[in-house]
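One chain comes next, on its own, written out as structure tokens in the form predicted alone.
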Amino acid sequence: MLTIYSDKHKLRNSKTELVGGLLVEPFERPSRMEHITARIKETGLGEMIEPRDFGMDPILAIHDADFVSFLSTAWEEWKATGAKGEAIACTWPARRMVQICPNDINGKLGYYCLATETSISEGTWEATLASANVALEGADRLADEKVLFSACRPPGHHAAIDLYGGYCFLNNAGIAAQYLLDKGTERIAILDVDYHHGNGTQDIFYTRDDVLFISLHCDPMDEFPNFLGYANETGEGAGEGYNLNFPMKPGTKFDEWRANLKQALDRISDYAPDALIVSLGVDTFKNDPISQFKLESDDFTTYGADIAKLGLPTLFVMEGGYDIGEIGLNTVNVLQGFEAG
């Protein structure tokens, strides 16, 4: 299996995350990807290549132009204030407030931010662009390769049309899906198996019927992102029926999770897409430090094979997973399970 990877992910090396009232080292850190690539090499999964630069058009095809402009300049604007730490939002346009983007960088951060755990630091934008290109390279090669792994970092599924957060800045899976559609693919399915709901991907495609979005995740009543990902969110307008959420309670084990996956795969089969994009988060692992599902390492191999039975051209796009010691094992287990499936 061909892997797309960029060393530029290391430029995203933030030092602060707000957790439990403390500023700590982020759970989303460069060593995540280093463990994944080490496992790819150790198992001989396949060749790893660098992506090309696809320019801004594929990004602007799904993201608001002002939002993208903000991301590209936020760090420099923040530094210009004389601030000594990393850029973290501290004010938001909450209910009954005016929904405008201020000139002040603090106001801009709050306007475009959905969660304060995600600071903006030096190198964030460069790494984010590289991550989008990693997804685009995978999408561009999908017709020839049939299955690929885009080792994206930072991840993307929480990034909405004009919002960042949850460690995500640009929606890599969404960018890849739109790129395929613009190149002539008629129907895409996106399957999100991350522990957290793919709120950003849902936001982008909620009113459309050319992308079926399905997410298996912890119930937002109990877990981030809290304000999206409920079972009654089924799409709007032309998109009615093309958004499917499977929220599950903390402590969910593999049997229940897999039963929901079967329903998701059946819906994808009925939709008969031309290609499948899998938002691959392995934070469903039992020892993940910020998640509460109970999947074992062998379960990742099993569900990789389950997905393969669809027989679709498939692009895996890396999302979450924060047990640093096991992230490489669990990620490659999915990919090897798919290849064997």
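Model, not experiment: these values are computed from the prediction. We number the residues from 1 along the sequence you see.
Just so it is clear, the following notes concern the form predicted together with a further copy of the same chain, a form of the same protein that is not shown.
Asker: May I ask you to state whether W92 is within 4.5 Å of a further copy of the same chain in the predicted bound form, using heavy atom distances?
Answerer: It does: once a further copy of the same chain is placed as it appears in the predicted bound form, W92 has a heavy atom within 4.5 Å of it.
Asker: Taking the shortest heavy atom distance, is E233 within 4.5 Å of a further copy of the same chain in the predicted bound form?
Answerer: So E233 counts as contacting a further copy of the same chain.
Asker: Flag Y242 as yes or no: does it have a non-hydrogen atom within 4.5 angstroms of any non-hydrogen atom of a further copy of the same chain in the predicted bound form?
Answerer: No - in the predicted bound form, heavy atoms of Y242 and a further copy of the same chain never come within 4.5 Å of each other.
Asker: L18: heavy atom within 4.5 Å of a further copy of the same chain in the predicted bound form?
Answerer: Because a heavy atom of L18 falls inside 4.5 Å of a further copy of the same chain in the predicted bound form, the answer is yes.
Asker: Find the only residue in E145, D162, E256, D210 having a heavy atom within 4.5 Å of a further copy of the same chain in the predicted bound form.
Answerer: Of the candidates E145, D162, E256, D210, D162 is the one lying within 4.5 Å of a further copy of the same chain in the predicted bound form.
Asker: Counting non-hydrogen atoms within 4.5 angstroms of a further copy of the same chain in the predicted bound form, say which of F246, F205, W125, W78 makes the cut.
Answerer: By the 4.5 Å criterion, the partner-contacting residue is W78.
Asker: With the partner absent here, would P102, L114 and F224 each sit within 4.5 Å of a further copy of the same chain in the predicted bound form, counting heavy atoms only?
Answerer: Affirmative, all three are within 4.5 Å.
Asker: Taking 4.5 angstroms as the heavy atom distance cut-off, pick the stretch from 257 to 265, 216 to 224, 137 to 145, 175 to 183 that is near a further copy of the same chain in the predicted bound form.
Answerer: Answer to the contact question: 216 to 224.
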